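One chain comes next, on its own, written as structure tokens: the form predicted alone.
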């Protein structure tokens, strides 16, 4: 059980301080997660803290390669409704 940070990470440091197991470390070219330390926050939080604060959607993956912070997780707008929402905002 472990999460992974992918290349889209921008090294913003948001995830680093919220990891309860100190599994996130700085590497080149982006942060990584120590698979031996990562607990996916089970027993500490309902959701992985790194994914809940990450400003880059789809930058954190679970063990099966699925994003823990998928498109729409920052805005709360499902991807299929994003274009309509943007048009509505721009028409104001």
Partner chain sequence: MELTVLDQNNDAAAAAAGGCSTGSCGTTDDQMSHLPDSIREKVENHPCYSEEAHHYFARMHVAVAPACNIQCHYCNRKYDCSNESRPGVVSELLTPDQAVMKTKAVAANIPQMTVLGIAGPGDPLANPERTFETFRRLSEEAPDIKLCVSTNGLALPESVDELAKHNIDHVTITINTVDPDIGAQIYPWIYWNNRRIRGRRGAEILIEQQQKGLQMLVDRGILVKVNSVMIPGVNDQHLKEVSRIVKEKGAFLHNVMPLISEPEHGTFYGLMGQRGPEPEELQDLQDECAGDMNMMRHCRQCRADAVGLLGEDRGEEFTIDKIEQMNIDYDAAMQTRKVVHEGIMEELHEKQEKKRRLAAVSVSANDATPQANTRPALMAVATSGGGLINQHFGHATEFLIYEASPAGVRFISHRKVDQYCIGNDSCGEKESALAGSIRALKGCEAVLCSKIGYEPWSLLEEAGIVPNGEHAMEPIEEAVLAVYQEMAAEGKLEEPQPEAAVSQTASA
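All figures in this text were calculated on a predicted structure; none of them were measured in a lab. Residue numbers count along the first chain shown, from 1.
Missing here is the form predicted in complex with the partner chain; even so, the following discussion is about that form.
Student: Wondering, does residue 6 line up within 4.5 Å of the partner chain in the model of the complex on heavy atoms?
Tutor: Close contact is absent here: in the model of the complex, residue 6 is far from the partner chain, nothing within 4.5 Å, heavy atoms only.
Student: Evaluate residue 63 for contact with the partner chain in the model of the complex, applying a 4.5 angstroms cut-off between non-hydrogen atoms, and reply yes or no.
Tutor: Flag for residue 63 set to no.
Student: Could you confirm whether residue 75 comes within 4.5 Å of the partner chain in the model of the complex, counting heavy atoms only?
Tutor: Looking in the model of the complex, residue contacts with the partner chain include residue 75, since a heavy atom lies within 4.5 Å.
Student: So, residue 32 and the partner chain: in the model of the complex, are they within 4.5 Å at any heavy atom pair?
Tutor: Heavy-atom contact with the partner chain at 4.5 Å: absent for residue 32.
Student: Going by heavy atoms, what in 78-92 lies within 4.5 angstroms of the partner chain in the model of the complex?
Tutor: If the 4.5 Å heavy-atom criterion is applied to the partner chain in the model of the complex, 78-92 yields 82, 85, 86, 89, 90, 92.
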